[in-house]
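One chain follows as structure tokens, the form predicted on its own.
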């Protein structure tokens, strides 16, 4: 599984971001590397230790950074590593918190280092709409190409009331995104990609609100049934 290293000028920021991401990706190795002794800054030694731990055993690692000098520190670390190890590390140009959350959810699904890095980059446009958020869903009965298998089939749609009191916050959004990512189907919720935890959270859907599900692909019917049940059940929250 791809590991994440979080390089920040603040120890609290790195650890806090890791804590947030860990709630949505409990099996992913998340290594905060923030701050310096007694102040704000980035530590070469701390980042080096985190990257070495992240890549141990042949794993890939994605390093998220908060500011420009954190990138410079990370690049210095990569220059010191064996070339074979450095080749398994990616440092995407991505937002720190949002990128960490999106990358962690992608890594939780078992994606490789390239896919995890791409997820972090896409996170930068999730709330601005540049990643396809709030796209117009297909009309009833319209045939749509499945993103997963390239199939063409009718779009299944249904409106479901969100069952949990707290709404589509981080935990249920991550559960839904992981469930959808494992299916041979494409799902949108109120026009956004259900495989993107940030796009789901960006909806701001509160408990009791109505969600429009649109599902296409070979596994469309079973996926719709599963997603409907998750939403109606409030994602297991009381």
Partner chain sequence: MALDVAWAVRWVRLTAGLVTEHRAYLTELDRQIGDNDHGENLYRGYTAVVARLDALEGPPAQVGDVLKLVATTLMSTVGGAAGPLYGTAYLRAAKVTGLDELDAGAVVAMLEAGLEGIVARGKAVPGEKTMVDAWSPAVAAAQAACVEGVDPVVVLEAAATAAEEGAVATDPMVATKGRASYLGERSAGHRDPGAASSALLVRAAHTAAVDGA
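Positions refer to the first chain, counted from 1. Nothing here was measured: the structure is a model prediction, and the numbers come from that model.
As for the form predicted together with its partner chain, it is not shown, yet the points below apply to it.
Contact annotation: of the candidates 86, 166, 115, 72, the single residue with a non-hydrogen atom within 4.5 angstroms of its partner chain in the predicted bound form is 72. Proximity to its partner chain in the predicted bound form holds for all of 44, 76 and 80, with the criterion being a heavy atom within 4.5 Å. Per the 4.5 Å heavy atom criterion, its partner chain in the predicted bound form is contacted by stretch 44 to 52, the sole one of 167 to 175, 44 to 52, 27 to 35, 187 to 195.
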